[in-house]
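Quick setup: one chain, the form predicted alone, written in structure tokens, and binding and motion questions come after.
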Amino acid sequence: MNIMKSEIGMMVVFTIVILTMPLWLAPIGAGYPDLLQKFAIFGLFAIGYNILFGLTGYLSFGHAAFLGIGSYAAVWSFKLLTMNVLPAILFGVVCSGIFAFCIGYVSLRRSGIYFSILTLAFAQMSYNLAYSVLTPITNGETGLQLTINDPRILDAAVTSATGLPSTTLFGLSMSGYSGFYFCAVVLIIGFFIALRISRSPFGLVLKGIKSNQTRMKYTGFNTRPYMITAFVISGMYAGLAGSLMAVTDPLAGAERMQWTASGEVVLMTILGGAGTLVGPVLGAGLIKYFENIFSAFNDKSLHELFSFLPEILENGVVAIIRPFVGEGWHLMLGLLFMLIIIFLPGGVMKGIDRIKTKFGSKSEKPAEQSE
């Protein structure tokens, strides 16, 4: 009963926080729709990745492949069927799930670094196929985009205006804040499913695999079906995130399948706290926010920011900071990541838990003394 109450309380708080993001993120310059959509989409991506990495302990370097497949599948749904987002999302999740089963079936025959290298190899093969070999399907380096001549057989009876159509949910446009709230609702549903998985017997088995898979095998427990299932679920989450990327911006490119995109979701999960429920969402939000802030700086804005300093000091500070912003914002991200790993091992959420425990123990001591 207490567990159910805690789950309900967590879902209520999470739902309120997500749906009110435009309000409490506006003061820090992050309340506009495009960035909010990224928060929701990559938060969902990180939640799914956490099911594999955080619960099961299997580090995949190839999850961007499923992100790209979800995007390609969704765009093809827009081109062939309808601009309604529901078939596109269903198509993207199913295709990424099938692909994840094929890759997981092979990759999960190995563990540790060998598993990670295998997933990276599959992801890079997928990227190269999408970039060059499968150009009739992916449109190569140009990327898959909508055209006016697309059949869209389910929308054939609807007369379209001049120009490209936009994605809709039964007539509701998926651009701007309506697109964010659609992504936010999907994120909330995805978070609820991940919460139920982590608290279920299936989730306990995954945690047991992470703790000591060898001991489980010695007891006669077959862990392979559970690992494949976790891999497929995680891949379907990535495909869902990729589909939402196509929903908010109906195009798909091979760059979404690069190893850098896989590395980014690893950073998100570790930064927020692998194995925690809220941590991956928080990590995704932090990285996307820092990307937006630091990449916007240039020489002019840096000089304006430090204009209060004497000219010599101003030029010196700008020269030092310049490599860490703009196109080099990844250097700043790496620096922040190093600081968090050094001073908050386990991620931001586990750091917060340690702070709560520390202050909680201090508050209990005076109470014990008064008794």
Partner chain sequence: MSVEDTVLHIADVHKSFGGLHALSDIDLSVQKGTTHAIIGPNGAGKSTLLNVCIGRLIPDRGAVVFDGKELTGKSPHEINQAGVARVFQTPEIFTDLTVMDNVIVPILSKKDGSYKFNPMQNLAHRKDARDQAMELIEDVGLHPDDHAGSLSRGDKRRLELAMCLSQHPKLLLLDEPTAGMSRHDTNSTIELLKKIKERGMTKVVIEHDMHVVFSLADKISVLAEGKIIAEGTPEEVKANPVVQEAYLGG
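Residue numbers count along the first chain shown, from 1. Every value quoted in this text rests on a predicted model; they were computed, and no experiment measured them.
Not pictured, yet referred to below: the form predicted in complex with the partner chain.
- For the candidate set I137, I148, L204, A296, a heavy atom within 4.5 Å of the partner chain in the model of the complex is found for exactly one residue, namely L204.
- A heavy atom within 4.5 Å of the partner chain in the model of the complex is found for exactly one of S200, T142, S166, S301: S200.
- Look at 221-229, 284-292, 238-246, 178-186: in the model of the complex, residues with non-hydrogen atoms within 4.5 angstroms of the partner chain sit in 221-229.
- Looking at S173, you'd find every heavy atom of it more than 4.5 angstroms from the partner chain in the model of the complex.
- Using a 4.5 Å cutoff between non-hydrogen atoms, V94 does not count as a contact of the partner chain in the model of the complex.
- Contact check for M216: a non-hydrogen atom falls within 4.5 Å of the partner chain in the model of the complex.
- Using a 4.5 Å cutoff between non-hydrogen atoms, I193 counts as a contact of the partner chain in the model of the complex.
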